[in-house]
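Single chain ahead, written as structure tokens, the form predicted on its own.
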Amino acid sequence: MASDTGPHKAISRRDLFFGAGVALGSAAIAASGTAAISNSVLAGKPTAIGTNVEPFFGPNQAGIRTAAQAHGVFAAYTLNDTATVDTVRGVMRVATIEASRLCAGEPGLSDTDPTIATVPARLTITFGFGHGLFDKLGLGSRKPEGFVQLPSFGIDELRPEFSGGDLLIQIGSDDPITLSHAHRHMTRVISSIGNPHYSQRGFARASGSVNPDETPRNLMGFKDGTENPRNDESFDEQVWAGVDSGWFAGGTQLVIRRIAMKLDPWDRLGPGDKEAAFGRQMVSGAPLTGENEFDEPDFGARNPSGLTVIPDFSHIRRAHTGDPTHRFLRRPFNYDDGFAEDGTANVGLIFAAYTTDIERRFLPVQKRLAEFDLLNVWTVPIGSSEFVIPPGVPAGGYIGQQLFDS
């Protein structure tokens, strides 16, 4: 049974049953059965990678500043018509308990597969609220400044099964079984208020295969995230809402763009053409005017023929507005779903951008890319969503408390 002391003491028995409904009806049985089995037996003596834990409680939610795990899933849900502020609040209380236990390597109170839960492998579970949640619960006036829905751009071929969503659960782990278990368990926990809308699963390099400080690569072979904030000051300025943001202080805003890649024609290009499209060198990630990845691009430099070294149509040139406020965190995952109906590779990028303000920071960059980025020849956005990521959870609190209780 849950302890009545420590970080969960503010959660009453009524909250547990009210919030979880049928999904947690067997909590007492599952918890008591789990308590009799030692973690070492359950986990099969996990390695150091398997036992690594990311803190759940804190001023900001985990899974954002956290170094990207090897596997990730963005699971969106649609609120039921009967959902209210009270029912959502109750479920968020329970979801906080269950998520914090899983991230600590402990089975959830209603865990149906406790033998899987004891290998956290840097598991993070991050919650987000979409436009629909604010609107359906009568909280539209509480949306943070700049939290807007992106327009449909001319390059978009958006599909409803990859777009929108009222509630988001973002999960990351270095172990795919842990990821799958957390996904299924948290879906059961919130089943009394929401139905699955989409599940987008992706991957990065396997844990330990490359230096964790190395910028990840996408399936086009280029580094993705070179322009990310690299110190606390820039991270706070670009990602976390400030103390003057009311209930939203310590939160962030998330844009998810599912971008299909046309790798079959891309693979027929030579290295020089690929580098011209990106404006960067493939191996080092350096701009075409530099030698090292983090060298500042010189967009005015010209070659002996008088042409700009970094083409005006290149990706980094279009992404660069010259305004320092148009910067944000990129934390993408690749996806590979086999073959499309026409036999081509069904692969791409789940592009995730975190920012203090979608309208003022992210949207100007996306508009420039949509207008004229040569990569648009080989990429097609097929999904788009926006979510508010509420602040982190202090011990004794719950996800969304700053919004629902203020």
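Quantities reported herein were computed from a predicted structural model and do not represent experimental measurements. The first residue of the shown sequence is 1; numbering continues from there.
Another form exists, predicted together with protoporphyrin IX containing FE; not displayed. Remarks below refer to it.
Visitor: Let me know the one among 162, 134, 333, 222 whose heavy atoms come within 4.5 Å of protoporphyrin IX containing FE in the predicted complex, would you?
Guide: By the 4.5 Å heavy-atom cutoff, the listed residue in contact is 222.
Visitor: Which one of 89, 71, 274, 315 is close to protoporphyrin IX containing FE in the predicted complex, taking close to mean a heavy atom within 4.5 Å?
Guide: Partner contact (heavy atom, 4.5 Å) among the options: 315.
Visitor: Answer yes if any heavy atom of residue 227 is within 4.5 Å of a heavy atom of protoporphyrin IX containing FE in the predicted complex; otherwise answer no.
Guide: Within the cut-off, so yes.
Visitor: So in the predicted complex, does residue 366 come within 4.5 Å of protoporphyrin IX containing FE, heavy atom to heavy atom?
Guide: Yes.
Visitor: Can you tell me whether residue 354 touches protoporphyrin IX containing FE? I mean in the predicted complex, with a 4.5 angstroms heavy atom cut-off.
Guide: No - in the predicted complex, heavy atoms of residue 354 and protoporphyrin IX containing FE never come within 4.5 Å of each other.
Visitor: Is there a heavy atom of residue 119 no more than 4.5 Å from a heavy atom of protoporphyrin IX containing FE in the predicted complex?
Guide: No - in the predicted complex, heavy atoms of residue 119 and protoporphyrin IX containing FE never come within 4.5 Å of each other.
Visitor: What I'd like checked is whether 259, 319 and 375 together line protoporphyrin IX containing FE in the predicted complex, meaning each has a non-hydrogen atom within 4.5 Å of it.
Guide: Yes: each residue has a heavy atom within 4.5 Å of the partner.
Visitor: Using a 4.5 Å heavy atom cut-off, which of 241-249, 319-327, 122-130, 108-116 contacts protoporphyrin IX containing FE in the predicted complex?
Guide: Of the stretches listed, the one contacting the partner is 319-327.
Visitor: Scan 271-289 and note down the residues that get a heavy atom within 4.5 Å of protoporphyrin IX containing FE in the predicted complex; none is a fine answer too.
Guide: Heavy-atom contacts within 4.5 Å come from 278, 280.
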